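In structure tokens, one chain follows: the form predicted alone.
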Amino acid sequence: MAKIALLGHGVVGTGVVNILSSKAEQLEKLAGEKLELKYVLVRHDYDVDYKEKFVMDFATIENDEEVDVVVEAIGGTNPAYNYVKAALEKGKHVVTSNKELVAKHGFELMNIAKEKNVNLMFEGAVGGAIPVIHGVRNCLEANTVNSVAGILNGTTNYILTKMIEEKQSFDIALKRAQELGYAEADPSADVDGIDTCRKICILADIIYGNHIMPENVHTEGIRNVRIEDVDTLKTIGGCIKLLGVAKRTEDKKMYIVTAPHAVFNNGILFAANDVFNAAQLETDNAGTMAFYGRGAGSLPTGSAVVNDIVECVKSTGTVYPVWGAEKPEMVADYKKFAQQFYVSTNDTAEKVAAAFGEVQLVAVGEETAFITEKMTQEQLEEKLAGFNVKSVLRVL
């Protein structure tokens, strides 16, 4: 029998408890032994029928040699980092859905897991129920992943969907997201791109093999997305999505950004709406691979966590890859990466043509909107000197 300790009893934690209970027989068959929830670390009592499992001192879990798997569902890095590190050093598997923890401390924690011959697993940290980490780790060994782009935050995708489909302003869509519980009272981590940045860093760590710190990644949010650009792009089959993007460059570095992008009707990233997440990978041998599903919530994220618990119990040692140390020099200057841009300006089409030459004009009127040929952001900024720019978006 495998003994499990759960740290935290919030949205994800309660989902884990529910799945362990409702799927007990199925999970026992998959894991090869019964999974028993022995402890739940809480800060105060809850009126639930398993409150006899509640403990308020992590040391109880840390020092219990019967505990095989520790599930961290606290969030943040304090005290989660200390708890996870201590559990690994005691030779216990750890499962977490904590993207901030993995993005900041994954390299150190995974090396401790390897040293102790246990696992640190974190499928739920990226994309909720979507098995994108499992897919990359287990299914693409015969491939080089050249790029990954993902809608990795359900809150921002919901807000942008409301702006696209119902012509709501950002402020109104955000307020509705907060009323529905999709956005926190302080939505900064979501709408400023911080959450997406952490998640694309984790994917890039796995795919490219070196730790990338979120603070080294250029990050933009969606606060400045305008309904005018939503409407303009819609006329040519486009929409705006907050994407985390990582691509190999010709000089073997990595271009990685989090920012709103203009996306067109040619794949899963265009089709993923509401609170759904999606990730699209471009590989050399398998071509385009796509992952899609619910990116957050008690049961979707809980299902990813429980899948990791089963894999830990079945494992005979460390099965997750351990990526290399941070190499800031591997992260390319995002301003030197060539791509297309969508631009809207109060200037005339004639002035645009004089500065940019051939462009794809999208709208001409009070504002001139156009899509450039491929160029770097440095080149774009040089050409836009003297323009009255209303908005700029990267084009995927």
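Note that residue numbering follows the sequence shown and begins at 1. The model shown is predicted, which means the values in this text are computed figures rather than measured ones.
Separately, the form predicted in complex with a small molecule exists; it is not shown, and the next lines address it.
Visitor: Looking in the model of the complex, any heavy atom of Lys92 within 4.5 Å of the small molecule?
Guide: No - in the model of the complex, heavy atoms of Lys92 and the small molecule never come within 4.5 Å of each other.
Visitor: Classify Glu123 as contacting or not contacting the small molecule in the model of the complex by the rule of any non-hydrogen atom within 4.5 angstroms, answering yes or no.
Guide: No, Glu123 stays farther than 4.5 Å from the small molecule in the model of the complex.
Visitor: Under a 4.5 Å heavy atom criterion, is Gly154 part of the interface with the small molecule in the model of the complex?
Guide: Gly154: contacts the small molecule in the model of the complex.
Visitor: How about Gly295 - does it come within 4.5 Å of the small molecule in the model of the complex, if we only consider non-hydrogen atoms?
Guide: Gly295: contacts the small molecule in the model of the complex.
Visitor: May I ask you to choose, among Tyr255, Tyr320, Tyr182, Phe270, the residue with a heavy atom within 4.5 Å of the small molecule in the model of the complex?
Guide: Checked against the cut-off, the match is Tyr182.
Visitor: Name the single residue among Asp229, Asp195, Glu72, Asp308 that comes within 4.5 Å of the small molecule in the model of the complex, judging by heavy atoms.
Guide: Selected residue: Asp195.
Visitor: Quick one: find which of 108-116, 211-219, 183-191, 244-252 has residues within 4.5 Å of the small molecule in the model of the complex by heavy atom distance.
Guide: It is 183-191 that comes within 4.5 Å of the partner.
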